[in-house]
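A lone chain, given as structure tokens: the form predicted on its own.
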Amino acid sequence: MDSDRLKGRVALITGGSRGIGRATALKFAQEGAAVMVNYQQQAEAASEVVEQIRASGGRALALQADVGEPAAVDEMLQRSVREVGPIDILVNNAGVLYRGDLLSYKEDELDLMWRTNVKGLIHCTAAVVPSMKEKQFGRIINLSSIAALGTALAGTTFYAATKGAVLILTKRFAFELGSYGISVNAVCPGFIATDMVSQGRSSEEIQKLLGSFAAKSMLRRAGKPEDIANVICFLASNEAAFMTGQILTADGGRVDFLSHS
């Protein structure tokens, strides 16, 4: 273990088998947390994350559940309590992205994004809050996107709408839960090299996309999942104990956002 900022905590990371979720699971384990790695379909990838954590001396468990289904979320939480304990830290990371604009979107894809990106967040938050209230402690970190703040990337309008909903839910839940010692914050990642952004693109297209976003960044690079995991870990730690209802953007300093407040 690298340190003990999260020692004794039990964390649930939805969509924890790959990308930002995977990096966050590994970071949390390094900081001493027992990590519940949620996945929907990527069983092998989730198992790999769990085995890597255990090999380093940490505690981890893979939990299958579709966060868009309340009954599945409740069953997942029940197993966590039985085998490890109630959740202290929830990272609502599970998300899907389907491209489309006003005249080309598909109704079923729009429904799936809303079901996972918004309702999944609601289901998981509602499931962990009762035990957090009992403890008078909880950390909830929601993954939004700079798409929710305004972006020039075409074809992401409806994905951005779901991530905009994440921002207002973050603030409203922070308002509702603060008196119970529960903080709720959100992270807006910029362009991060993950499976989600490479989906449906050739390696040449991916490299071109990475280059274009690196050029828009003050730091002259695209983000890595570990960049976001570090921000999430800060919000989960006692260092952020006096922060709630806040939106942290980690995008490398996008120059095309300088005119935005």
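Since the model is a prediction, treat every value here as computed from it, not as a measurement. The first residue of the sequence shown is number 1, and the count goes up from there.
As for the form predicted together with a small molecule, it is not shown, yet the points below apply to it.
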Pick from Q52, Q40, S217, Q30: which residue has any heavy atom within 4.5 angstroms of the small molecule in the predicted complex?
Q40
Just one of L143, M132, M113, L77 has a heavy atom within 4.5 Å of the small molecule in the predicted complex. Which one?
L143
Name the stretch: of 174-182, 102-110, 133-141, 89-97, exactly one has residues whose heavy atoms fall within 4.5 Å of the small molecule in the predicted complex.
89-97
With the partner left out here, check for me: in the predicted complex, does some heavy atom of K163 sit within 4.5 Å of the small molecule?
yes
Within a 4.5 Å heavy atom cut-off, is E48 in contact with the small molecule in the predicted complex?
no
G19 versus the small molecule, in the predicted complex: is there a non-hydrogen atom within 4.5 Å?
yes
Is it the case that I192, even though its partner is missing from this view, gets within 4.5 Å of the small molecule in the predicted complex, heavy atoms only?
yes
